[in-house]
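Here you get one chain, nothing else, as structure tokens; it is the form predicted alone.
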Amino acid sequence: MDDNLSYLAILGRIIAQFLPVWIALIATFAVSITYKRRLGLYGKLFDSPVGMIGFAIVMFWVFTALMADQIITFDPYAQFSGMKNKPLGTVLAKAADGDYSHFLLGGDHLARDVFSRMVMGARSVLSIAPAATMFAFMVGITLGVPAGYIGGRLDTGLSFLANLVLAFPVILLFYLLVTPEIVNHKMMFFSAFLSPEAELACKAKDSVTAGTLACFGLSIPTMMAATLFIFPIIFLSVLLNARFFTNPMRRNLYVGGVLVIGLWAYSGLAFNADPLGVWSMEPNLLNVFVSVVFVNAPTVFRIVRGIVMDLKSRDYVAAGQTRGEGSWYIMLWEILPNARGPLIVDFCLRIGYTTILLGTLGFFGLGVAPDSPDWGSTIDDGRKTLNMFPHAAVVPALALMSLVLGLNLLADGLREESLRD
């Protein structure tokens, strides 16, 4: 208890801390392998060694994020006297009753536990990357499917906008979208009715001087969120309407449910105006989330558009047109399901790209919060003492690398199995 741990002892304790994750992984693999013939493409993944390895790595971090509160040994934000830049396995100085005895992976330059910050960083990353990627796919699919199927001016206009975003340097785009000057700038929708003095009062939030209605305005990230977050509602509504168009009762029920729940979530996520407080997103998180969706959506659009342009010439599409099926039904229920293989593979790869983007944002100090345990911010913190105390930067870097590696291997396994169909 009074001595620092050996490397072997550190490894043993780390393995013991992850015991809930090992149990969850074993249970997941046991059930999945037992019923793999009934689980479609997911079940076929367990016929691919590469896919299984990737899936194991990804699920390790997913379960770590879910069980982080049980795995961490200290509060990831807490600072401990005498633990600044301490090496791996250092005994906690003046430990109180109930405290864990050691800093398993050492302390950082602010005397915080590196192990706990690495574990909690998985939750920070995995609470953003998959959701942001899903929103990007909703935007890309909603625009890419009609662009590829209908073509013409719609395709030309949407492709031009996508290429415009893709032509802009990504890092510079991130800087523009998350810097305080852009975030805090509000566009006044009634500025034509304001005098110069009143407009300045609005921007200074002095609505008593300028008038409340005239001062109504939205920041640029909020406007982008208002635009991008509406696409999942549009996609699901059109999807269900096309599927149940001939059954008005079920169509109205399903579409009405999507609109009620979707607009409720939309008001909270985009405008932080949920009266029940169920849906909300902190300003910094909203900025990062919108930035990631905005950058990824054009690429998804181009992928979906290309797949749809290839599939719309297939015989089953012509058969659907002969039967008199509507265009939206053919697009969403004939073509899109046949594109699921490449899209699932790209989804896994894109989560990896998003993880790297989030790490890049955190590294440049543009992440969720300055003291956030997300891996990018932690790497940036550890970079300041990298020559003397490399563990503070190396540990989160290895975690980030392993998650991206797992996602790439998982995508390779899914691609391999989807090609066999």
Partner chain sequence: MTDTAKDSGWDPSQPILEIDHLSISFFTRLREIPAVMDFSCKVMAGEAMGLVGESGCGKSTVALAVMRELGKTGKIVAGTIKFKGRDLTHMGQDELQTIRGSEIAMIYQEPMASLNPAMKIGAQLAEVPMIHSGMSKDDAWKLARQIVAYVRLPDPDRIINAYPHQLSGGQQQRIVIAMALMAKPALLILDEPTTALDVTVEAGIVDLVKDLGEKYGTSMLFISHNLGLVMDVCNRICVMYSGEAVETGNVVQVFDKMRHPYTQALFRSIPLPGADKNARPLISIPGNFPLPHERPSGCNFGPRCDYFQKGRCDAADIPMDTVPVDDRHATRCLRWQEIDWDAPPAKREVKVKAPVGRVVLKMEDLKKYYAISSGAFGGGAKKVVKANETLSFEAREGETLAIVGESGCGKSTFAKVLMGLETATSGSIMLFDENVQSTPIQKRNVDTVSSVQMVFQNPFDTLNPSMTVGRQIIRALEIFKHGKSDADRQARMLELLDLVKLPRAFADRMPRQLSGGQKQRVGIARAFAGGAKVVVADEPVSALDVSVQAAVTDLLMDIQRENRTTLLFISHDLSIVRYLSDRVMVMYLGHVVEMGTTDQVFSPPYHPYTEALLSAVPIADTKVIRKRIVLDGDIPSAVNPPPGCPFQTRCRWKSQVTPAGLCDREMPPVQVLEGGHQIKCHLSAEVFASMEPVIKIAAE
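Numbering follows the first chain given and starts at 1. None of the values given here were measured: they were computed from a predicted structure.
Missing here is the form predicted in complex with its partner chain; even so, the following discussion is about that form.
Enquirer: With a 4.5 Å heavy atom cut-off, would you call Met249 a contact of its partner chain in the predicted complex?
Expert: No, Met249 stays farther than 4.5 Å from its partner chain in the predicted complex.
Enquirer: Does Arg323 reach its partner chain in the predicted complex, with heavy atoms at most 4.5 Å apart?
Expert: Yes - in the predicted complex, heavy atoms of Arg323 and its partner chain come within 4.5 Å of each other.
Enquirer: Should Phe289 be counted as a contact of its partner chain in the predicted complex, where contact means heavy atoms within 4.5 Å?
Expert: Contact check for Phe289: no, nothing within 4.5 Å of its partner chain in the predicted complex.
Enquirer: Taking heavy atoms and a 4.5 Å cut-off, does Phe231 contact its partner chain in the predicted complex?
Expert: Close contact is absent here: in the predicted complex, Phe231 is far from its partner chain, nothing within 4.5 Å, heavy atoms only.
Enquirer: Name the stretch, out of 115-123, 102-110, 256-264, 333-341, where some heavy atom lies within 4.5 Å of its partner chain in the predicted complex.
Expert: Correct option: 333-341.
Enquirer: Here the chain is shown alone; which of Tyr77, Trp279, Phe245, Phe271 has a heavy atom within 4.5 Å of its partner chain in the predicted complex?
Expert: Here the answer is residue option Phe245.
Enquirer: Find the only residue in Phe347, Phe235, Tyr329, Phe135 having a heavy atom within 4.5 Å of its partner chain in the predicted complex.
Expert: For this set of options, the contacting one is Tyr329.
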